[in-house]
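Form predicted alone, single chain, as structure tokens, below.
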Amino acid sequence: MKFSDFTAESWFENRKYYDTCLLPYTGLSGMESPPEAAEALERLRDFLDLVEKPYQGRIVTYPALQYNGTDSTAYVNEICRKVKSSGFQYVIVLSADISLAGTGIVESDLVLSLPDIEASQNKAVRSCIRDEIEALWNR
């Protein structure tokens, strides 16, 4: 579910079922034209669907971090720490367009980057996502 789908009352009643926060990371540089920015957001939306739909009822999607810059890794790590301190057990950072391998996002429990998945996996993206998330939850 999206963060905006909850009211204060519904969150209070149901928060125990939602242990995982999904933190989308668009990775825009600021140099994109409006159509390029729109296309990046559409790719991110499509990638999010691969995670949100099968795990409805356990994952809450937070607002996307849109821009990539010099201190982005530190900022993403800070957001992950804060989200966990607010009650989520797991934080998953995902990006449809930028490689996040080796970026130092250490406060996230799982990083899903479409370019990294496509470069390193012999299986379908959907299967890889399922395997990674279920392995996280089964640790």
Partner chain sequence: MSSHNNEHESIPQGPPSWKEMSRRQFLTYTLGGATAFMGAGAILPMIRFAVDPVLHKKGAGEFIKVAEAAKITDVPQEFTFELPQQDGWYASTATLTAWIRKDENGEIYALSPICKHLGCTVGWNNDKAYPDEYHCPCHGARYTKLGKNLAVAPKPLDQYKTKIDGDWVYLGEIVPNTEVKKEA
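Source: prediction; values computed, not measured. Positions refer to the first chain, counted from 1.
Although it is not shown, the form predicted in complex with the partner chain is what the next lines describe.
Undergrad: Should A96 be counted as a contact of the partner chain in the predicted complex, where contact means heavy atoms within 4.5 Å?
TA: No - in the predicted complex, heavy atoms of A96 and the partner chain never come within 4.5 Å of each other.
Undergrad: Quick check on Y62: any heavy atom within 4.5 Å of the partner chain in the predicted complex?
TA: Yes - in the predicted complex, heavy atoms of Y62 and the partner chain come within 4.5 Å of each other.
Undergrad: Give a yes/no on whether P54 approaches the partner chain to within 4.5 Å in the predicted complex, heavy atoms considered.
TA: Within the cut-off, so yes.
Undergrad: If we define contact as a non-hydrogen atom of the residue within 4.5 angstroms of the partner, is R58 a contact of the partner chain in the predicted complex?
TA: Yes, R58 lies within 4.5 Å of the partner chain in the predicted complex.
Undergrad: Of the options L48, I79, L100, L114, which one has a non-hydrogen atom that comes within 4.5 Å of the partner chain in the predicted complex?
TA: By the 4.5 Å heavy-atom cutoff, the listed residue in contact is L48.
Undergrad: Tell me whether S29, Y75 and S86, taken together, all sit within 4.5 Å of the partner chain in the predicted complex, counting heavy atoms only.
TA: Verified in the predicted complex; spot residues all out of contact, no.
Undergrad: Scan 1-31 and note down the residues that get a heavy atom within 4.5 Å of the partner chain in the predicted complex; none is a fine answer too.
TA: M1, K2, F3, S4, D5, F6, T7, S10, N14, Y17, Y18, in sequence order.
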